[in-house]
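For reference, the chain that follows is the form predicted alone, supplied as structure tokens.
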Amino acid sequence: MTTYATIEDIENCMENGWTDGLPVIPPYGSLVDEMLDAMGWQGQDIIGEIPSQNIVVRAEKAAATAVMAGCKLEYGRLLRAVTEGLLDPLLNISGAEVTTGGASILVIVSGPAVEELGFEHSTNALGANCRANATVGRFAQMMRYFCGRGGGVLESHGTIGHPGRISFCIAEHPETAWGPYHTQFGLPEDASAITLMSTEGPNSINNHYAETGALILDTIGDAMCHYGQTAWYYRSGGFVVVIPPDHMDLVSKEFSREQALDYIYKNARRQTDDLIAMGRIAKSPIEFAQVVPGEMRSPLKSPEQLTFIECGADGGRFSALIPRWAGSTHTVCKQIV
């Protein structure tokens, strides 16, 4: 096959809508067959459904998407876990595609697979340019796009969108102060895992001069409580706190993970009456919203809606806050087997 023919096939993929807007590797049959083997499926295996839209997803579609995204065959077992997580009804992948909130599917990789497959977990951890982060994150977004648009469903309706809708995959440090990320979902400490959730974009948190872990947690909690954050009314979704080493060194001296969760949950609050006056809460709220005028209000219904991931580099006192999409209260965490 000539180089020109390959370029022509890439252009054909783009013209036919088989793309996220960037060039893809054409899903030639031999490449898809190899990826199917790596993922442990047969092409016609039904691996998931979206019943409300009459969408049936077969393994060949997932394998072809992995090829187009540029994933390596070595990622096969991880990609299978990602695929199964994406098609879990609890994740609501089609809802994430059409929401006006412009949610992205965040992929978190934790455990030995991070080093085994070459994921970046240190410098530029939230925007890693290495192949593993970029292509696995892209695979999840392309599956969201292709599955969410199946069966004649509407185009994306994100009012302003989210750059992570091209790729959003972060990996945790192999060695952590509080144990691997996936242990927050009951998986064994020595497992490799992927965790999926629908999220907004990350918000940078800067505190260079605090001398205690409590002040770092107070800064994170304050970032959760700005007027414009999405979850004030329904308090669904949640937040992922990303803590690099410089902030983690302070926090871990004073708090266990459970203590940090409890501290933020108890202290990150805002006056309900101010939220109503600002227009962030309906004046006649529904019962589900649990609005109590005159009380301090948390953006969380429970501490379980908050998780911590340890990644990022030394050399700057930054953390980050990733708000989860308010349209889904669920996170899917799966062991890579």
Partner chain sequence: MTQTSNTGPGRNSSTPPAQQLTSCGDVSCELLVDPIPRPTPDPIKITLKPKVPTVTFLDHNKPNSKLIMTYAQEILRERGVEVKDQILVKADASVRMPEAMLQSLSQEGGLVLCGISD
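Positions refer to the first chain, counted from 1. Quick caveat: nothing in here was measured; it's all calculated off a predicted structure.
Beyond what is shown, the protein has a form predicted together with the partner chain; the following relates to that form.
Student: Hey, with the partner chain in the predicted bound form, do 5, 16 and 233 all fall inside the 4.5 Å heavy atom range?
Tutor: Yes, the whole candidate spot contacts the partner chain.
Student: Considering non-hydrogen atoms and a 4.5 Å limit, which listed residue (306, 309, 39, 68) is close to the partner chain in the predicted bound form?
Tutor: Result of the distance check: 68.
Student: Within 4.5 Å, heavy atoms only, which of 256, 212, 124, 100 is in contact with the partner chain in the predicted bound form?
Tutor: Result of the distance check: 100.
Student: Considering only heavy atoms, tell me if residue 29 and the partner chain come within 4.5 Å of each other in the predicted bound form.
Tutor: Taking the distances in the predicted bound form, the answer for residue 29 is yes, it comes within 4.5 Å of the partner chain.
Student: For residue 95, is any heavy atom within 4.5 Å of the partner chain in the predicted bound form, or not?
Tutor: Taking the distances in the predicted bound form, the answer for residue 95 is yes, it comes within 4.5 Å of the partner chain.
Student: Any chance residue 275 has a heavy atom within 4.5 Å of the partner chain in the predicted bound form?
Tutor: Outside the cut-off, so no.
Student: With the partner left out of view, is residue 294 within 4.5 angstroms of the partner chain in the predicted bound form by any non-hydrogen atom?
Tutor: So residue 294 does not count as contacting the partner chain.
Student: Using a 4.5 Å heavy atom cutoff, which residues in 30 to 54 contact the partner chain in the predicted bound form? It's fine if the answer is none.
Tutor: Contacts from 30 to 54: 30, 32, 51, 52, 53, 54.
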